Structure formats: C-alpha cells, structure tokens
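Here's a solo chain for you in structure tokens, the form predicted on its own.
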C-alpha cells in the first residue's frame, strides 16, 4: 500500500493500537519524534548553499517551521548555478567548514566522494536516535532517481533536493488560435499541435518565427556555459547518441560522443539558430526563461524546476496560464529525457552534521515535499506527483513521463572536466568556427585522454 493511501487512516489506526495497549497493559514504547531527536542540537544554526531558483526559495519558506519545532535555525545562501558550485568547492577544498549541508548537482558527486569531502548517510540512517522510522526512502522515492542522483559506488550520500528533467515548453494560446491553426494546416498539411518528432519541432519554430513582430520561433541556450551542454544532451539522447557507452553515471566506458547520431544531433541543434534571437550565443537558462516570461518565444526546451516561474507566477510572467508542456519530440533514440538533480549532501568536515541530517530528513517528508513542489520544486517522491493539487498542474504529466525515460549522465570524478570539454567544442560549433563533426571529434579525443584506458574511442577521429 502506498503512503498516500495509508496516511489518511493512520491516526485512527494509531488510536486503536493505543487503546489495545491500555486494555492489555502492554508497556508503550515512546515513538520517535523530531522534537526529541533535536533536543541536543537546539540553538544550533545550520548554514547551506544552493541555486537561486524556486525550489530553494520554497525551502527557505518552509525552514521556519522546522526551527519552531526544533530550535535549530537554518541560514540559506542563494547563488547562480556556477557560483553555487564554485563556492562549495572553495569551501571544501579550503576546509573552511562554512556549510553544514550543501545542495549540489549530481555531476559533482564523484569528485566529492573521491576527495573524501562527503559523509555517507548510512550512518545516520542506522542511528535510532536520528532516523525517523516512518521515512523509508526505498519506498518513498523513485528508486532509480534516488540511486542515480544521490548514490555513488553503491553507497548513498544524500537525497534528491530536486529530481530534474527537461521537456518542451509551448505557448498554448498560440496553439489554440483558430487563425494560426488554419494557416499552419494550409502550409504544413497537419494540425497545429506540440511536436511529435524533431521535424515537427523545427516546423513549429519556422512558423512562429516573426522577429519583426518581436516573436521568435525558439530560443537556444548558446552561451559558453553549462546550460549549453545540458540543452544539447536532449538532442544527443533523442537522436540515439550518448557521451559514453555505459549504463550508469558512475561507470567509465568507451567514448561515443562523436558517433554519427551525435553529429546529426548537433547539426540539427545548430539549424535551430535560424529561428532563435540573433544574440542566442549570449544566452543561458535565465535569459531564455525571461524571454518566455515576456511572451517573446513560441517554444523552447527547459527544466521542470523553472516551469513554475513561467506557468504559474503571474507577477513574473506575462504568459502565466497560457502555457503547454510535453515530453521532448521523439528521435531515433525514442522518447527520452535526461537525469539531473541537486542533492542534499553533508560534508565530512561539517560542524553540525547530526542537526543537518535532521533537517534534510524533515525536508524529505511528504508534507514538505508537497509544499516545495507546489512552490516550484521537482520532487523525487511519486506520491507527491499523485497528489490532486499536483496532478492538475499543466506541467505535471510531462514531468512524470520524462522521469520514467530519463538517461543518466556521468558522475565520475572527471565529469566536470568532461563538461568543460563539451561546452568548449559545442560553443565553437554554434559559433561556426568548426563543423559538428570536427567539434565532436576533438571532444571525443580530449575526453578519451582525460579518462584514460577505461574509455577507448569507439569512432575514429579526423
């Protein structure tokens, strides 16, 4: 039975059990409570750091409730993606011990583990004073997402702060416009609807590309930044390619990033520049999200944790209530997505590890996960997606479907350098400095050199 089904009946069952214990005079064992577990740490101040996006803002709004129950304060620092990652690396490498827990993208996990920077959470989970027996992560979370985002080398190091995927965003009001529908059918011979394949996606971008009227068909995250790599991976996977020939992000294997499928995906990606703003090579995720909020783009590919700011936040978005969301169009690789996520992690040298664990565990409870998700988060709990208030959200179905077909990405200690190599080469290809084939050949060669014998090149380079 799922937690969501059992929970409403739990109080009644608890009352029956208590009554039976009284009748038969069975000594009652005091149940675990957060308040009791937190008593030794009352007055502690926890410090953490993460990306300045709605999920972290939602956590900040929830934290006072935890403080009220425990006396443990939580101070949260918010930065842009790259800055949040860099500040954590400086803190860990410099042994400054500023943060009691950190929120970091899972591609950094292997590096943290290899450098001995993290505390495995199995010690907390096996401590009856700290472990809430009602939280069973194997049942409460999507198992595949938890293990891909927060495990390394067969050991758990945290829990998903966000379970992220990317999918297609569309202007629903334009799709529903009768004049647009008639004109599109006359030109393309089919109904105006979200794209089923990449040709249809390109047709939609072409149809709605009207720069003279301030509307662009699509928007690309073409800046020399991690956003470029993340965005292109959607095309790479869908076209049937990958970076390494492996089944798990923590594995090393043959380099296949310059396969014919990969080259085709980059050629297609570059072709969309024709229907994007002229300064697309300067854009990353914040920029394209702002364009959509301003109603200046018809379609793009974006993260699920950014959806709320466009679809629901009427103060920030001119197109709130007028958006549609769908899985990525299908390519030769079928319907796919990518696994990404930020994890709650506790540094090995943290000053307040036990108190940090209690907060992280509390945040993983259903009530907090539901509230955070509704505030713009991306939960890894299936019962959150099953909640009626979540199911009615226009982007909920796309998130759930993409979670089920998401591909892992490298979490090796060298994953950061791998990303840097690909960002460099993808940027050169988008700028027209190299062909797709030349850029990916160079990326394959450099990644192979970086990883060594465990990563031979499967395709020849020129």
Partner chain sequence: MTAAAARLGRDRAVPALLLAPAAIVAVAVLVVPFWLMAWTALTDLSYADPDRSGRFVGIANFARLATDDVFGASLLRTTAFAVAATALELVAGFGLALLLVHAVQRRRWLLTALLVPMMLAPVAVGLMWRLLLQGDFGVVTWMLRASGLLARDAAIFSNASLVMPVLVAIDVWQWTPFVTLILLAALLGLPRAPFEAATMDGAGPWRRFVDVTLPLLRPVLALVVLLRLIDAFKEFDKVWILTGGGPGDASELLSLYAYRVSFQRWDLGYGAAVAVAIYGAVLVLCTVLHRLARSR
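Positions refer to the first chain, counted from 1. Note that this is a predicted model, so its numbers are computed, not measured.
What follows is about the form predicted in complex with the partner chain, which we do not show.
Is residue 329 one of the residues lying within 4.5 Å of the partner chain in the model of the complex, judged by heavy atom distances?
Residue 329 lies outside the contact set for the partner chain.
How about residue 170 - does it come within 4.5 Å of the partner chain in the model of the complex, if we only consider non-hydrogen atoms?
No - in the model of the complex, heavy atoms of residue 170 and the partner chain never come within 4.5 Å of each other.
I'd like to check something about residue 264: if you look in the model of the complex, is any of its heavy atoms closer than or equal to 4.5 Å to a heavy atom of the partner chain?
Residue 264 lies outside the contact set for the partner chain.
So in the model of the complex, is the partner chain close enough to residue 421 to count as touching (4.5 Å, heavy atoms)?
Residue 421 belongs to the contact set for the partner chain.
Since exactly one of 312, 242, 287, 203 fits, which has a heavy atom within 4.5 Å of the partner chain in the model of the complex?
If I apply the 4.5 Å criterion carefully, the residue I get is 287.
Please pick, from 63, 49, 428, 37, the one residue with any non-hydrogen atom lying within 4.5 angstroms of the partner chain in the model of the complex.
The option sitting close enough to the partner is 428.
So, a 4.5 angstroms cut-off on heavy atom distances: do all three of 268, 404 and 435 pass it with respect to the partner chain in the model of the complex?
Checked in the model of the complex: no contact with the partner chain for any of the three.
Out of 312-320, 155-163, 377-385, 81-89, where are the residues with a heavy atom within 4.5 Å of the partner chain in the model of the complex?
The contacting stretch here is 81-89.
For the stretch 292-324, return the residues whose heavy atoms include at least one within 4.5 Å of the partner chain in the model of the complex, in the order they occur.
Heavy-atom contacts to the partner chain in the model of the complex: 294, 296.
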